[in-house]
Ligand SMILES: Nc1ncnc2c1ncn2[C@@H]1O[C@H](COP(=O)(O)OP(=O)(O)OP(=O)(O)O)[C@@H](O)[C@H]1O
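The chain that follows stands alone, in the form predicted alone, written as C-alpha cells.
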Amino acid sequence: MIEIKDLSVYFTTNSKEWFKKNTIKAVENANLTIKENTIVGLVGESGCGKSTLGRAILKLLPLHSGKIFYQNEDITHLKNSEFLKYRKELQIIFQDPYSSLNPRFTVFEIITEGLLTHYKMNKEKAKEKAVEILEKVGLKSEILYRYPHEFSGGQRQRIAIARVLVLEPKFVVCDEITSALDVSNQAQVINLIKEYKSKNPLSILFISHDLNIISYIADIIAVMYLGKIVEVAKRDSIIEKPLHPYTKALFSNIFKIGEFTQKKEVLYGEVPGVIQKPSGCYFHTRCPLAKEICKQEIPTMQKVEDSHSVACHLVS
C-alpha cells in the first residue's frame, strides 16, 4: 500500500548567531513498507520524529530527500493539484480533537466537507452518509447540527474519526489519537478502529508512545530513535525477542499478566539534542553495550530474520 525509501525531513531554525541557521534532521533515511490491510505501529520517545514521518508520507510536509510510493506509484513529486485525486484515499486523524475540528462548523459540515469536495455529492446524499458513519462510531444522528464545543474529548475524537472514515480511505495515519483521552475513552477509540478495520480493508500507520496500545493494535511495529528507524518486526517477534538495545529497554516495561517480577531495563542519560546529534549510532550515549564502532559508524538496517530488521552493530 505504502512504501517509503530513504525518506528524510529537515527543518531550519535561527541560530544564536544571526548569520547562521541550524538544521534539524527530524527524520533521516527512513525506510518502511506498509502492506494492504495492515496496521503498522510506530513507537519512540517524544520528539523522535514519529508525527513528522506520518505527515511527510501524506505530503503535508516537504521532503529533504527520499521517495514515497502509493500502490507502487511514485507520488513524491506530485503537485498539490495532481495529488488531490489521492487525498480522499490517504487520510490522517490528528492528535488533539480540541484543535482539529473547526469550531465554526457543525458536525454535519465537518463530516460532509470531504464528501462535497471529493465526491461532488449533493447535500441529501452527504447527510445520509454522515448519519451512517456516525452510527458506526457510536454517535446518534441528532448531534448533526451541534458544534464541537458541546462534546466531550472522547466524542470529539469520534467525530474526527468519522470525518476521515466517511471518505472510505485506503490508508490512514493515526497520529497519537488516544493521547488526549482518558483510559476508558482510549479503549473505546482503539476498539472502534479495530472493529471498522475488521469489516473494511484499511491500512494504518498508528503512531503512539503508549507501548501497551501499540502491542494491542499493531500487526507490525517500527521503533524510532532520534529520527531514525532502528528496528522493524512483527508484533510478537519484537515484543518477545527485541534485538536493538533501545527496543529491549522500551518493551521491558510493558506490563504482562503473571509477570510481576519481570526485569525492567532502565535507560540512563538524556536524549541528545536534535541539532547536534552524536556521531556513529545515535543511541550509543545511552547504550550499556556500546563499543568503539558504535561511536564511529552509523549502523545500517539489516534483515536478521524473516520480517525482522534492525540497525545495530551488536547484532549479526
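None of these values were measured; they are calculated from a predicted model. For every residue, the number given is its place in the sequence shown, counted from 1.
The following text describes the form predicted together with this ligand, which does not appear among the structures shown.
Contact with this ligand in the predicted bound form, defined as a heavy atom within 4.5 Å, is made by all three of G49, E176 and H209. Of the listed positions (L32, A56, A26, A249), a single one reaches within 4.5 angstroms of this ligand by any non-hydrogen atom in the predicted bound form, namely A26. Scanning S307, T300, Q296, T13 against this ligand in the predicted bound form with a 4.5 Å heavy atom cut-off leaves one residue, T13.
Proximity of C287 to this ligand in the predicted bound form: non-hydrogen atoms within 4.5 Å are absent; the residue sits far from the partner.
Taking the partner from elsewhere, V274 is found to have a heavy atom lying within 4.5 Å of this ligand in the predicted bound form.
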